[in-house]
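A single chain, nothing else alongside it, follows as structure tokens in the form predicted alone.
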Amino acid sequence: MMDDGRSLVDRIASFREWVAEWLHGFYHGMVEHPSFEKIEKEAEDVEDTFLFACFADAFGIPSPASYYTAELLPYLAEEFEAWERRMWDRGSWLERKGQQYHVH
């Protein structure tokens, strides 16, 4: 056995810390990260649906709600630009959901 000058208690404590850190990284990689990604995409989809319902005129689809929701535009201006880019870049809603749930 190697003796690095530490007591058995110290070596066990060090090993337990290493195992705890490894298990945390494993859990994060296998469970937390994919879940966060799905939740973020789902929240983005809900936001996109809301903005589309409010501002369908931006894509040439007449909507009576746009007249009333135009007052929201100053509050949503920053999000509106990013949303408009996302909507133009997206192939379709079904394509997005297929990517999200790994359906090809």
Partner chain sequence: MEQFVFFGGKGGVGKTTVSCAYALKCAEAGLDTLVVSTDPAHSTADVFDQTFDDDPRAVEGHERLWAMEIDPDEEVERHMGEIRRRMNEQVSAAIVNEIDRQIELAHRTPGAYEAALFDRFVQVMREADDYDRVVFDTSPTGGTLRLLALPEFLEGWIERLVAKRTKSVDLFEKAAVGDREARQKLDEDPLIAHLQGRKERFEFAGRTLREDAAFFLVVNPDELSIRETERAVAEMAEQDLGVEGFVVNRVTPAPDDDEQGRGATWLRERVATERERIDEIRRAFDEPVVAEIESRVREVRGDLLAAVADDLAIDADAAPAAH
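Numbering follows the first chain given and starts at 1. All values derive from a computational prediction rather than experimental measurement.
Form predicted in complex with the partner chain: not shown, discussed below.
For the chain shown alone, Tyr68 is a contact residue for the partner chain in the predicted complex, at least one non-hydrogen atom being within 4.5 angstroms. In the predicted complex, the partner chain stays beyond 4.5 Å of every heavy atom belonging to Phe26. Contact between Glu21 and the partner chain in the predicted complex is not found at the 4.5 Å heavy atom cutoff. Remark: Glu17 does not count among the residues lining the partner chain in the predicted complex, judged by a heavy atom distance of 4.5 Å or less. In the predicted complex, the residues of 40-55 lying within 4.5 Å of the partner chain by at least one heavy atom are, in order, Glu40, Glu42, Ala43, Glu44, Val46, Glu47, Thr49, Phe50, Ala53, Cys54, Phe55.
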